[in-house]
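Have a look below at one chain only, the form predicted alone, in C-alpha cells format.
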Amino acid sequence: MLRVEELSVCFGGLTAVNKVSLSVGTDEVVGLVGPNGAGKTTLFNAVSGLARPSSGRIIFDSVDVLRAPLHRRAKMGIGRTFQIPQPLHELTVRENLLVAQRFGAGQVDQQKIDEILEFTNLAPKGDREAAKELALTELKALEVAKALATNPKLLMLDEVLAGLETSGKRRFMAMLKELHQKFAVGILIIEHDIETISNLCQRVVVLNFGKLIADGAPDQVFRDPEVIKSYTGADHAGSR
C-alpha cells in the first residue's frame, strides 16, 4: 500500500530525513520510533503532503504521490492525526467529522459518521462544541475520528497516546487494535512508549538523526544494540 523509497527531506542545511525507505501494508500496524528529533513527524509530513521532500519516492497504491497535493493524497486514502489535537473551533464534534469527511472522501455519509462516533465513544458528545467541551482523551479520540471520516486506507497516528494516563492509554490502545480490523486500515504510528509499541505493532521502524537504523519485529528491534544506543547512549545491550 505505502512504499517510501530513499526519501530525504531537507530544511536549509539540515537533513531531517535522510534516504529513508519503508513500507506499510493494508494488514499491518507498524510503529515508527526514535529519539526526539529523529525525523519521525517530518516523515509523516512528507507522506501526507505537508512537507516537500528533497528526493526519493512515495508510492501509494502503486501511484507516485511525491508531488501530489495534500487534498489528492487524502482522497486517495492517506489519513493522519496530529500530536496536538486540532479540533475545528466553534464547530460541534459531529460537524468536525463532517468537514473532514467532505474534504477527504468528497461526500457526506451520515451513517458512516454515526458509526465512527459510536466506535470512538464520542456519540454522547456529538453536539458538544469540540474545542471547549472535551477532555484530553476525547480530543485524542476526535483526532482519530476525523481521520477515519476521510475513509483512509492508511491511518498515520502521531503520538496519539501522548499525555494520557495509564488506564486511558490502555483503553485507547485496545480501540486502535479493534479499529485496524473493523475499518480494514493499515496503521503507521509514532509512539515513544516501547511497551505500547510492542503490544500494538507487528513491526517497528526506528529512525535516528533522520536515518533508518532498524526495521523488524518489536522483540528483535528493541534488542538491537544500535537502537539501544540511540535511546540510552549505551554501547551494548548489557549496559541498558
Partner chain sequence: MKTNASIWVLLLVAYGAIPLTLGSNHYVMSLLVAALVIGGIALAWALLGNLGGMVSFGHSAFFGVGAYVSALLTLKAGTPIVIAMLLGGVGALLASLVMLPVLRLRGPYFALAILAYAHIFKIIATEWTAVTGGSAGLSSIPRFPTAFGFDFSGKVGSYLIILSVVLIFALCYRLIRASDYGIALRAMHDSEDATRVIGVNSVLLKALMLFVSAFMTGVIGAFNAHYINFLEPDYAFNGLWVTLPIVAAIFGGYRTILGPLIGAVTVYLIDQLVFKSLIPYGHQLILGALLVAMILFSPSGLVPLLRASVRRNHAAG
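Residue numbers count along the first chain shown, from 1. Please read all numbers here as calculations on a predicted model, not as lab measurements.
Only in words, not in the display: the form predicted in complex with its partner chain, which the text now covers.
Chemist: Does any part of A100 reach within 4.5 Å of its partner chain in the predicted complex? Heavy atoms only, please.
Modeler: The answer is yes: A100 has a heavy atom within 4.5 Å of its partner chain.
Chemist: Would L164 sit within 4.5 Å of its partner chain in the predicted complex, counting heavy atoms only?
Modeler: L164: no contact with its partner chain in the predicted complex.
Chemist: Test of understanding: in the predicted complex, would F82 fall inside 4.5 Å of its partner chain by heavy atoms?
Modeler: Close contact exists here: in the predicted complex, F82 approaches its partner chain to within 4.5 Å, heavy atoms only.
Chemist: According to a 4.5 angstroms non-hydrogen atom cut-off, is L134 in contact with its partner chain in the predicted complex?
Modeler: No, L134 is distant from the partner.
Chemist: Want to guess which of 165-173, 143-151, 109-117, 122-130 is within 4.5 Å of its partner chain in the predicted complex, heavy atoms only?
Modeler: That would be stretch 143-151.
Chemist: Need the contact residues for 189-219: heavy atom within 4.5 Å of its partner chain in the predicted complex, sequence order, or none if there are none.
Modeler: None of them.
Chemist: Specify closer or farther for A130 and I190: how their Cα atoms are spaced in the predicted complex versus the shown form, given a shift of 3 angstroms or more.
Modeler: It is farther: the C-alpha separation of A130 and I190 rises by at least 3 Å in the predicted complex.
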